[in-house]
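We begin with a single chain expressed as structure tokens, specifically the form predicted on its own.
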Amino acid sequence: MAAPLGTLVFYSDFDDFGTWKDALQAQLPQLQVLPACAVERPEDVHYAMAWKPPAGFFQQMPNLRLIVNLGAGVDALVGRADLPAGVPITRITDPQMARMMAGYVLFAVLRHARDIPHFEQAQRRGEWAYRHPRSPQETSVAVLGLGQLGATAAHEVQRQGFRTLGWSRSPRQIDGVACFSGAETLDGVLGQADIVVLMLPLTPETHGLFDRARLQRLKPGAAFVNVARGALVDQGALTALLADGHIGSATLDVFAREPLPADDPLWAMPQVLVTPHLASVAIPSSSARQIAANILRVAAGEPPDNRIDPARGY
């Protein structure tokens, strides 16, 4: 019989505990998995898997050895006052999440490239409003952020024949994608794109990066897709530029405040599609293998894979 691995505490207001417990224990039967509300001895907790836990959550666990962020973006964890020094933080990099995100991005790109918002508005008016389709080669798509999710999405977009640009802070190479890097190239990339897809991590450097001045760098009538974080964008400026037509349409999965308030003007804009932060989510059945491998590594005194750098924010 394998030796006990200790206790993992689970916290998320958005994910089903039972599904995650079953997936983790299928990989590690010797691991005790408890919801945060059921932990009676915090000193017995060695591993924590969490999404947006409350303030002070980690201070109760003096023997914590690993924190697993329940998602790809770690901005909700870095910078917290209760993070124990030296305890590694890992994020999920499940290929299934990348495929899910790439599917959403491709849907959004095709929606704008084929002028679907135009036809949706025409349908509401009962109008047969023909608009001739463009070939993919005539449409430039810029994917901003080329981490695992962004790189997969950019690859999928270029595979459909679109002229695809990629931008990241540091140099990247992706077959079929014209990749640019560095702050000095960002505005030039924006000015070339018919569709801009925002996939950057939220860090101190990217917070508010897309203010009114930068959004005005988009080509008049360009489409804007945000599947990253709402705080990257000045939402008021985005709304105003959509209203005056400088930005032609948008697909928005993330917002400055979530849930998006019912009185927010974005809801009523016919050229805007609002979805409730679901472009990509962690899938227990596939992600559990990666999490289990990291638990075993830490239990053996080895460093975990997919460790994030809190100083960089990703």
Ligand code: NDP
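We number the residues from 1 along the sequence you see. Computed from a predicted model, the values in this text were never measured in an experiment.
Keep in mind that the form predicted together with the named molecule is not shown, yet the notes after this line are about it.
- At least one heavy atom of Met199 is located within 4.5 Å of the named molecule in the predicted bound form.
- Heavy atoms of Ser140 never reach within 4.5 Å of the named molecule in the predicted bound form, leaving it off the interface.
- Although the partner is absent here, Gln160 lies well away from the named molecule in the predicted bound form, with no heavy atom inside 4.5 Å.
- Contact annotation for Arg169: at least one heavy atom lies within 4.5 Å of the named molecule in the predicted bound form.
- Considering the named molecule in the predicted bound form, the lone stretch of 246-254, 42-50, 27-35, 263-271 in range is 246-254 [heavy atom distance within 4.5 Å].
- When the named molecule is considered in the predicted bound form, only one residue from Gly147, Pro117, Pro88, Pro136 comes within 4.5 Å through any heavy atom, namely Gly147.
- Residues Ala72, Gly73, Asp75 are the members of 43-80 with a non-hydrogen atom no more than 4.5 angstroms from the named molecule in the predicted bound form.
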